[in-house]
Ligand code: AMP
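Below, in structure tokens: the form predicted alone, a single chain.
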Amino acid sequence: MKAINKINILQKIIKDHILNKNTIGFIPTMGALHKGHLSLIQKAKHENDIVVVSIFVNPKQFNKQEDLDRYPHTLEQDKALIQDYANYVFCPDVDEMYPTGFQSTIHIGDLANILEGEHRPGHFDGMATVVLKLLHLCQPTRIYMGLKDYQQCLIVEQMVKDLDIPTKVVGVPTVREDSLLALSSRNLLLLPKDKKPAAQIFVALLKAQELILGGERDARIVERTIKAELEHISKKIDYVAVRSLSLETIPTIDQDVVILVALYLGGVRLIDNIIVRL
């Protein structure tokens, strides 16, 4: 695996691979890599000639400076984890990605203003800006994204469609700890006493799935049921939402749905979701 931190070097390497008609699998990350990221990289390795992983903690998608400051930085461990699976790791610094005078930003529409977007204004514009830049740099055949960040996946799919980017977005199922807690870089910030309650998030989602498959069709009843479960573990719940797979609000569950939650435990914000197919 070759480590690259300069854009012009990455562009030359990518150009050579495109001339050789190699397919490129790309995984954008912010580091603090775990088995969930590894599942994306392994899938990309299986489906493409070369694999490029980016590691860049993007300041434009953080709403609060303290959140950016707290974000884990484990670059050397990250490189060791993926060295047998990726061909290239692109790990630029902030000045490389956003040099003096950088002004352009991608603005996402309505899809970015709900759920995560409502509670983290500007987050998805910052995410889309860096992902679009990375897509231009890597020109991948496929980009691999974890479905734990369900809304993010939909937004990248929409952006790729709207801007005619010749890249396929591949959503990969969430990888979980034995406790059922969704793997996340933010888990590193959890205190030991919060790990067990955090695992109850997905337990609540499984109960909601059971409720729906048992015949409940009122989306608001399902939401209230999950919220009541989660209030036992968290004093701050940002949202509990039953939505269509395109994230539209639905009063009646008459189609496949995704149930999404976001809450805080010990000051750490966690998100999770489950797709329920009728």
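Position 1 is the first residue in the sequence shown; the rest follow in order. In this text, all values refer to a predicted model and were calculated from it rather than measured experimentally.
This protein has a second form, the form predicted in complex with the named molecule, left out of what is shown; the following refers to that one.
Not displayed here, the named molecule is approached by Asp149 to within 4.5 Å at the level of heavy atoms in the predicted complex. Met145 belongs to the set of residues with a heavy atom inside 4.5 Å of the named molecule in the predicted complex. Among heavy atoms of Ile106, none comes within 4.5 Å of the named molecule in the predicted complex. Using a 4.5 angstroms threshold between heavy atoms, Ile212 stays clear of the named molecule in the predicted complex. This chain is drawn without the named molecule; in the predicted complex, the residue among Pro192, Pro99, Pro166, Pro173 with a heavy atom within 4.5 Å of it is Pro173. Checked against the named molecule in the predicted complex, the candidates Leu154, Leu183, Leu134, Leu205 yield a single residue with a heavy atom inside 4.5 Å, and that residue is Leu183. With the named molecule left out of view, the stretch that reaches within 4.5 Å of it through heavy atoms in the predicted complex is, among 42-50, 222-230, 245-253, 25-33, 25-33. The partner is not shown here, but in the predicted complex the stretch 70-96 reaches within 4.5 angstroms of the named molecule through a heavy atom at Tyr71 alone.
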